[in-house]
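Just the one chain here, laid out as structure tokens, in the form predicted alone.
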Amino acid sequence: MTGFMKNKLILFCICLVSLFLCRDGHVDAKKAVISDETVICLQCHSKQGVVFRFHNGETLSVYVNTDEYRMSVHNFLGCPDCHRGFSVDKHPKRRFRSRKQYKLQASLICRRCHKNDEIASKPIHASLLAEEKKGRSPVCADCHGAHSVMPVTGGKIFISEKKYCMGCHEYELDLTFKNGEHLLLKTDASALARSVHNKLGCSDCHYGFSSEDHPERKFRSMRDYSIASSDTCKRCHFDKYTKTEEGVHCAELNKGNINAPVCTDCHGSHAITRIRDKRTLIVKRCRNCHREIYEIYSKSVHGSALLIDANQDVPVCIDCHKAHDIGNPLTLVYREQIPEMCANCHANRLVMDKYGLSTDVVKSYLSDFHGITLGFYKKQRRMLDKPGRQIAVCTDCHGTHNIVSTRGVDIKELKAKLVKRCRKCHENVTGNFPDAWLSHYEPGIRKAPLVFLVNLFYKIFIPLMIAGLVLQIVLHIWRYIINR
């Protein structure tokens, strides 16, 4: 048997032994078997202080932690399997311009076994391959390490990267910024396990950090760090990120307002939960910045129902303002959309029937002077590109965050408040001006009977008059034909 065949046979046996020693993906560092050739290499490379110097003066430690190597997924490989050209008898000298060049060259070693199709099967890797096509080559070891590569399958890390990171981050560490502020780096492992990102590894978000590379980054303040960290989210949530660019928060940030909220301000960092269905939590997150508005909302008919009765049917902040592409509520475009926002609930018969409310409020608005005029102005601005005018919408009469119930309110007090609202647009109106409006009620025998009877009269009289006119024309034509 040739020496080449003997080496391959030994390597095969080592693989079998390594697989046998695995327990749930974990290899006991003391029991893992490594090749004799690797043992010889580690006699030098397991010593601290040995470095490789690049042409530009940079250095790289060539130290290999034996225990980490034994625990790695590649522990059954020998050194020459990756470092081709090197052996016990041969140790060639190689020159590299810089550390970056060396790391890029080293990444090509990984691609010998891990083909592009396999790598692209994971979204995080697919995005990196897309960047590679643009000329920005990823370095495998930046995320996975070099000699302590952790096995990852289906998003679950068997030899946990999280466990490795938590070796330090479960303690009271902090990061000091240039302005003297401190950020606690301690991470709650239980909160991380409950997070929607619990299947991600630390390096999926903390790009550039690994078991071997822990770069030191400088930020002027804690706020600068939060803003920079939020850019990580767009790597996976690009659709949401593009929406935020259309919102008022991003616009404020671009103007230089560093207090404008970013992803982590609303969603958190490590303890991220699925906030979509937690309507009370949504409101409390918005309270962090909009405390005054929250206090007003909490006393309104909507806010009190949510916060006191836990009513999930009432609107919360994102129902009117949206979540990511938040519009400016002071613009005419936003104002014209308010009736549609209110109609999402008040035109829903299934919801309104629960509380004994009528869906006629929307219909009555759209069919009266204000609603019809608003429709005309919207078409005029859209089709003729002419500026519209402000027409009374729901919030002009009912308020915005301070909406209260009118049930049990004295009719005179209600009428006096309505006159004040009308005078915002209709100056010098009398106290009886609101009586000309039927509110949101449909006229009937019990409510506005005179209007109901007049409407009924015209519904009968006008068709009869038209029919009589048509009959008169027909008879006139018939008489003309007969007498001809």
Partner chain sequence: MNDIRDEKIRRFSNYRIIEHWVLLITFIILVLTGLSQKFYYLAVSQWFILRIGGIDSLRYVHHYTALVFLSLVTVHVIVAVSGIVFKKWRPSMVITGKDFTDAADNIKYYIGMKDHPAACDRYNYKQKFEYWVVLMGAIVMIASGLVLWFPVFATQFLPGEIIPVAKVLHSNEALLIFLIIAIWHIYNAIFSPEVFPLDTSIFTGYISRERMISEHPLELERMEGTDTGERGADIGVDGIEAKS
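Predicted, not measured: the structure shown is a model, and the values here were computed from it. Residue numbers count along the first chain shown, from 1. We call the rigid core the largest set of C-alpha positions that still match within 1.5 Å between the two forms.
Omitted here: the form predicted in complex with its partner chain. The next part is about that form.
Peer 1: From the candidate stretches 216-224, 254-262, 373-381, 92-100, select the single one in contact with its partner chain in the model of the complex, where contact means a heavy atom within 4.5 Å.
Peer 2: Result for this chain: 373-381.
Peer 1: Every residue in D277, I296 and L306 with a non-hydrogen atom within 4.5 Å of its partner chain in the model of the complex?
Peer 2: Looking in the model of the complex, the three residues D277, I296 and L306 all stay beyond 4.5 Å of its partner chain (heavy atoms).
Peer 1: Please identify the residue among S61, S439, N455, N56 with any heavy atom within 4.5 Å of its partner chain in the model of the complex.
Peer 2: Selected residue: N455.
Peer 1: Work out which of V429, C44, V39, A416 lies within 4.5 Å of its partner chain in the model of the complex, going by heavy atoms.
Peer 2: Of the candidates V429, C44, V39, A416, V429 is the one lying within 4.5 Å of its partner chain in the model of the complex.
Peer 1: Would C168 sit within 4.5 Å of its partner chain in the model of the complex, counting heavy atoms only?
Peer 2: C168 lies outside the contact set for its partner chain.
Peer 1: Does V51 reach its partner chain in the model of the complex, with heavy atoms at most 4.5 Å apart?
Peer 2: No, V51 is distant from the partner.
Peer 1: Wondering, does H398 line up within 4.5 Å of its partner chain in the model of the complex on heavy atoms?
Peer 2: Taking the distances in the model of the complex, the answer for H398 is no, it never comes within 4.5 Å of its partner chain.
Peer 1: Can you check whether L175 is within 4.5 Å of its partner chain in the model of the complex, heavy atom basis?
Peer 2: Taking the distances in the model of the complex, the answer for L175 is no, it never comes within 4.5 Å of its partner chain.
Peer 1: Heavy atoms within 4.5 Å of its partner chain in the model of the complex is the criterion; list the residues of 452-479 that meet it.
Peer 2: Residues within 4.5 Å: V454, N455, Y458, F461, I462, M465, I466, L469, V470, Q472, I473, L475, H476, I477, W478, R479.
Peer 1: Core superposed first: is there a CA shift of 2 Å or greater at R381 between this form and the one not shown?
Peer 2: After core superposition, the displacement of the R381 C-alpha between this form and the one not shown reaches the 2 Å mark, so yes.
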